Structure formats: structure tokens, C-alpha cells
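Next up: a single chain in C-alpha cells, the form predicted on its own.
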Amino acid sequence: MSSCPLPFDGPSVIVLGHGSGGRLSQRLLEQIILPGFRNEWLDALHDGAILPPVQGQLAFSADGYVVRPLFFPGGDIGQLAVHGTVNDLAMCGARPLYLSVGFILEEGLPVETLVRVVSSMKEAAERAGVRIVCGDTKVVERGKGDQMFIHTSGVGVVREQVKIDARRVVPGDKVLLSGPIAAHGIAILCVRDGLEFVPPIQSDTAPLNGLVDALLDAVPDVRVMRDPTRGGVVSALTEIAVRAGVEICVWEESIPVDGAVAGACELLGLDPLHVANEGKFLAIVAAEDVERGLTALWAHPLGREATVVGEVTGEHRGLLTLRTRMGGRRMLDLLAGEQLPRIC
């Protein structure tokens, strides 16, 4: 377990005074948050970050994280928050540069929990090559915040010659998937319900910007990319099919699912295609680019199990279909409700 970057001389739990802007707020900032994220832009302590000029088109993303529990096999809310925004920028074809972070803390949260999360976010940002340059902290009354919520925003620069747009997808294109699906959602569910599998199921949360860079170096003309988080592969590909006005057909026999995850899904009655991921992405590329794309993905540690899982057809506009192992076809539709709430 991490320890405070400096001896923390305030209360051992978060109190309303930590959000007051007064002395307790300053102690929290100076003894935990600033040492955890230290860099020249954050240290300036402006109301916002004044950043150096960049060349190129900017990408901007924002997201909120309310995962329960805060810590789970393979990750935690802080790591998830950094990875999530980094990955959203990467899906735009951008190199992530800077993040902001907003903490909403519940009165009574152990300070040591905040320390662990800050430490995890620092490590995640360093791994992804981004800087946390500004942020905010608020405290809500006991019972009003379920320990901790985090909001992150991020800025990146879009690579030259890259145009990620679902409207560029055309019949004949192929669907690449960077690795086995459904681990994150099942890992969260197992913790909540006290389920144990051998081997243990861990979240796949990871920063995807390095893997995306490898793909774009090899195939600059990637049509579109999506990370299949809430709603899983079905939601991500349905969104693309509707936007592009095409049918996308995925092949059941080609979709990678680790054995323990597949067993858990079968036991719980869940379709892995609907389960959330936090360290995988889908890319649609021209058929002639498939070999180069897969070779690039296989060379990266996060892409060793990448594969082709489907193709784009012109048969029906805005539909996602599944070619089953038996050779039949059926439509894959969005879930009517929330399958696994509060997974990110």
C-alpha cells in the first residue's frame, strides 16, 4: 500500500473542511495531490494550466468515473480514469498530452484511500506518457458520494494524415480487435458478488495509445477506431454501422474470449459481446491493410492476440449481425437497460 508523499498532519479521513478552500484544503493539496502529480504546469497553481503551443489539430475528451468498488483485480478508479481518457483520445487518432482531474470526495473517506488513488494515477500517467496539469477537489456530505468520483479531461494532437471517421467505412473493410474481450466487466462483477474463478479474472485496463501508434505507423488510413467500454463490442460496432450506413458482420468463431471469462459469462448468463472492456479496441481497415495492421499489433505487448473478427457489408444499412459457428446469421441489438451498472 502507498504512503503519503509527505507526512499528512490533518485528519485521517476526509472532512467537509477539505473542500472549503481553507487551511485543510491547502494541506490536502500541498501534502498529497501536488507531490503526486508534480510538473511545471501544475506547480504554477493558476486557475487553469497555461500550456506550450502545439502544432496540429487538437482532440479533446472528457469522462466521469464512478466505478464500484474503488479497487478491483487489475486496477482501481484512479488508473481507470487516466486510461479511459488517454484511450478516448487515442481512438481519435491523437497522441494524448495533458489531462485534468477532478475529485469528488465523500466525507469520511480514509485519506489513505485518496493517497493510493493519487499514486495509482501518477503511475498510470507516467506509463501513458501524459501529464496531469490541472484539476479540482470537492467534498460532499457523508452518504452523498459513495466514497469517491473522478472526472478527467484530456487534450491531444491528432497525427498528420490520419482521419478517423466512421463515415469513411465502406463494404469490404475488415474489423480488427486488439485482444480478448469482457475481462473488465466480469472482474468487477466477481468482486461485487464474491465470485471466485481459477485463475482469477482481472480487469484489462491499460493505456492504448502506444498500441494505436503502432497500428497507425503501419496503416495511417485506418477508417475508424473505438474502445468497446460500456455496452461492449456490440455498442461500439452498432454506433459505427449506424454512422456509416452499412452492415457490419462479426464472426462468432473469431471473437477471442479467455477461458475463465467465457466460463463466467456462461455461468452468469452474460454475452461477452455486451460486456465492458477497458484495454481493448476495435479498428476498421481496408482489406488490403489487414496483414500490415495485424503485424503491427502483434509486435506490441498489448496486441499479441489481435485478430480479424468481422467485415463490412452493404446488405443492410445500420445493422450489426453475427455469423454463428453453425453458419447462421442473427442481428445483434443494443441492450434495453444497464447490464452491469457502475463499471467505470
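Values in this document were obtained by computation on a predicted structure and should not be read as measured data. All residue numbers are counted from 1 along the displayed sequence.
One more form of this protein exists, namely the form predicted in complex with a further copy of the same chain; it is left out here, but the text below deals with it.
Only one of the listed residues (L109, M91, V169, L273) places a non-hydrogen atom within 4.5 angstroms of a further copy of the same chain in the predicted complex, and that residue is M91. Interface residue among E123, D136, D213, D221 relative to a further copy of the same chain in the predicted complex, by the heavy atom within 4.5 Å criterion: D136. Figure note: of the listed segments 183-191, 264-272, 196-204, 94-102, the one touching a further copy of the same chain in the predicted complex, with heavy atoms no more than 4.5 Å away, is 94-102. Put simply, G78 is far from a further copy of the same chain in the predicted complex: not one heavy atom of it is within 4.5 Å.
a further copy of the same chain is not shown here, but in the predicted complex it comes within 4.5 Å of a heavy atom of V155. For G259, no non-hydrogen atom is located within 4.5 Å of a further copy of the same chain in the predicted complex, even though that partner is not displayed.
When contacts are judged by a 4.5 Å heavy atom cut-off, D47 counts as touching a further copy of the same chain in the predicted complex.
With contact defined as any non-hydrogen atom lying within 4.5 angstroms of a further copy of the same chain in the predicted complex, the contacting residues in 224-246 are V224, M225, R226, D227, R230, G231, S235, E239, R243, given in sequence order.
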